[in-house]
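Take a look at this single chain in structure tokens; it is the form predicted alone.
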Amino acid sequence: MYKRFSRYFPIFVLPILAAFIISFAVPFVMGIYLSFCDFTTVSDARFIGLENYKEAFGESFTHSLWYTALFSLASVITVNLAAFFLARLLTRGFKGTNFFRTVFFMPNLIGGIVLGYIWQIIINGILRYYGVDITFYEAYGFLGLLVLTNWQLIGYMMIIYVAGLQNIPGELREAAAIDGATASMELKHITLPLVMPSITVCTFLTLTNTFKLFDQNLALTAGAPNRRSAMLALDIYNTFYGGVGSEGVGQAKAVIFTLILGAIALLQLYLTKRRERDV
């Protein structure tokens, strides 16, 4: 049986491999090459070495990097704490849990641009009583993005945590209760260790989604004031399309962004996976 399937293995793999090479591998390699070039189109690329990378590490990119890192850290903490709390609440078995799960998940179905404009209207409607708007100060944009991201992602992460909590055997909880374990002891020694795979997935998804946030940032503040609320993806976009001749710098920023995101994601997966093995 195995030999029969292995004979047709290349037939099934070839379309996926071709799509991967055409849509990802080739553009990725070309993007790395173009980051060392001065170009306006692919056909007129001229190799200039590390000049784009030297120019890439300007004030705007450095600020966007720290702004994005701080935002991602805040989002990972707030989104996952709130999602885990809601998941615990909605696995208690009371009536209407399926309805509430659906309601909390629905914001994740709204597109980023639409979501950004919705929250821009809401936040500006509150701030206008103080004579300002969300673009008045970069901290307003940061908090607005944090609220928007929590509202969008909490329901999605909650579903993953619900699945993890429902896989915990009820016998363990009963045994802990018989042994006199308190709620905090049960959480620390039973719930959290057994739900670690869900924590790994949720932290990875939250980290990667928030680090490469673009649509919501563009719609909510567009980087104002003076690009101080621009996250990395938006800063790269503004650089690449900021004027003729800046494409190479934007491409260099994109390569740096990819390497940073990949390194952070791999580090997070390593740390959480190691925690899974420890328990």
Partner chain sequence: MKKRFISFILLSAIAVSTMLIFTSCGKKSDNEIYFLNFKPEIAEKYEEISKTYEAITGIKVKFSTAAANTYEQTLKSEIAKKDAPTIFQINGPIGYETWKNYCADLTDTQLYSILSDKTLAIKGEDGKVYGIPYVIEAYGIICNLSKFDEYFALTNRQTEINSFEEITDFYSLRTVVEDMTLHLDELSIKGVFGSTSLLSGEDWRWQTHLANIPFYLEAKEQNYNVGTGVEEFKFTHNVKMKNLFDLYINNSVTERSLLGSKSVSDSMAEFALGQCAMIQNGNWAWAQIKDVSGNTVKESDVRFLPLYNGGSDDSDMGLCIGTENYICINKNASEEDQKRAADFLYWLYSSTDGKKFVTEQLEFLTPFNTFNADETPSDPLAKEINRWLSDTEKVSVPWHFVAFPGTSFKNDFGSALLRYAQGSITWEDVVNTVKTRWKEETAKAR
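Positions refer to the first chain, counted from 1. Keep in mind that what you see is a predicted model, and the values were worked out from it rather than measured.
Just so it is clear, the following notes concern the form predicted in complex with the partner chain, a form of the same protein that is not shown.
Taking G93, G170, G180, G131 one by one, only a single residue has any non-hydrogen atom within 4.5 Å of the partner chain in the model of the complex, and it is G131.
Note on the interface: of 67-75, 201-209, 182-190, 134-142, the segment with non-hydrogen atoms within 4.5 angstroms of the partner chain in the model of the complex is 134-142. Contact between R227 and the partner chain in the model of the complex is found at the 4.5 Å heavy atom cutoff.
Shown alone here, G242 lies within 4.5 Å of the partner chain in the model of the complex, counting heavy atoms only. In the model of the complex, the partner chain stays beyond 4.5 Å of every heavy atom belonging to N108.
Although the partner is absent from this view, D215 stays clear of the partner chain in the model of the complex, with no non-hydrogen atom inside 4.5 angstroms. In the model of the complex, the partner chain lies within 4.5 angstroms of at least one heavy atom of each of the following residues of 33-55: T40, T41, V42, S43, D44, E55, in sequence order.
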